[in-house]
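Quick setup: one chain, the form predicted on its own, written in structure tokens, and binding and motion questions come after.
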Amino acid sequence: MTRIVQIGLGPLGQKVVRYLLERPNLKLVAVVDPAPDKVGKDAGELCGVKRLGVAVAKDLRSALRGRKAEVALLTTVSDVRRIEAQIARIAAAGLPIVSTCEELSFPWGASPAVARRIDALCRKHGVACVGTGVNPGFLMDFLPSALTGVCQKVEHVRVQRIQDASARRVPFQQKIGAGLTTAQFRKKKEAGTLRHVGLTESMQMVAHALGWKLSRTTESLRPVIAKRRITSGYAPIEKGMACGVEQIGHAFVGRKEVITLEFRAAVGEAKSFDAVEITGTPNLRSVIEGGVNGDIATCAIVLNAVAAIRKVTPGLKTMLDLPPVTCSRS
């Protein structure tokens, strides 16, 4: 049984804890969240389950006092610059790290200096660290990379992730701009606070897997506009308001586009699916009808990666570096 410390008890962290409690091979021994309304309270009660006898601590040192953990699950922020100091503290405690930080999934392209520092920190303390999730971490990067394993030649990779966000957690719906006017959407877009994080990292990961040296990447972002009143989300959305976001990433080798990633998440989206299309020898198209539920899948892959992160050498890893991550409960 692997002893776990959970760091970050927002909506995603709470769901990770609930899923962890169903795993006979994992044991929650400590929880960290500095929020004043959470410190000192029982983690189980905060997560909507039974009392666990594990009080939320304000920092890692307090959480581990008198307890021994073996792996840290880090569900806090999305950008590598903000998470670097958190990783430094966890690594210094000698704990391997599985994080949901989107930019950490493949930071070598967009944030190479930060990636090198995190890698050096982890090597210094003899631990491994990986950023993962459903996307980035699997659907738009690892999965298409793995599918090319049966190809003799690959010329282009296209991935589509189209999802109805009605069932997703409230912070996700807010992050994609559901319920905003077009003016509010534009303002948040300009501020950089409204977008799916990780599209560039996914393109970089696929390119790395295929040995492509990218000359440039681009991203476009626009609102998905409601054509009718929608009531299936966290709040009513009137016709003409934003109900979600569409982002498209393009990656080039020279002048040739080699990767196209299409992400659209909107409350009330008519059809959800995940599709990978590979142009090459042979041509391949793989479709997951109904799509993968992002919240369930992210929590699951984080827990499933626990066993894998303990088997690799120290340093900053990607999902491409880990042994197969499977749903093992032993």
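Note that residue numbering follows the sequence shown and begins at 1. Being a predicted model, the structure only gives us computed values, none of them experimental.
Beyond the structure shown, there is the form predicted together with a further copy of the same chain, which is absent from this document and is the topic of what follows.
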| property | result |
| --- | --- |
| a further copy of the same chain: the contacting residue among C47, I301, L28, V56 in the model of the complex [heavy atom, 4.5 Å] | I301 |
| Listed residue (M241, L194, V154, C122) with a non-hydrogen atom within 4.5 angstroms of a further copy of the same chain in the model of the complex | V154 |
| Segment assignment from 73 to 81, 208 to 216, 174 to 182, 161 to 169: heavy atom within 4.5 Å of a further copy of the same chain in the model of the complex | 208 to 216 |
| Distance check, M1 to a further copy of the same chain in the model of the complex, heavy atom within 4.5 Å | no |
| Close approach of R310 to a further copy of the same chain in the model of the complex, 4.5 Å, heavy atom | no |
| Contact flag, S62 vs a further copy of the same chain in the model of the complex, heavy atom cut 4.5 Å | no |
| Contact of E289 with a further copy of the same chain in the model of the complex (heavy atom, 4.5 Å) | yes |
| Residues T281, L284 and C327 all lining a further copy of the same chain in the model of the complex, heavy atom within 4.5 Å | yes |
| Stretch 141 to 166: residues contacting a further copy of the same chain in the model of the complex, 4.5 Å heavy atom cut-off | F142, L143, S145, A146, L147, T148, G149, V150, C151, Q152, K153, V154 |
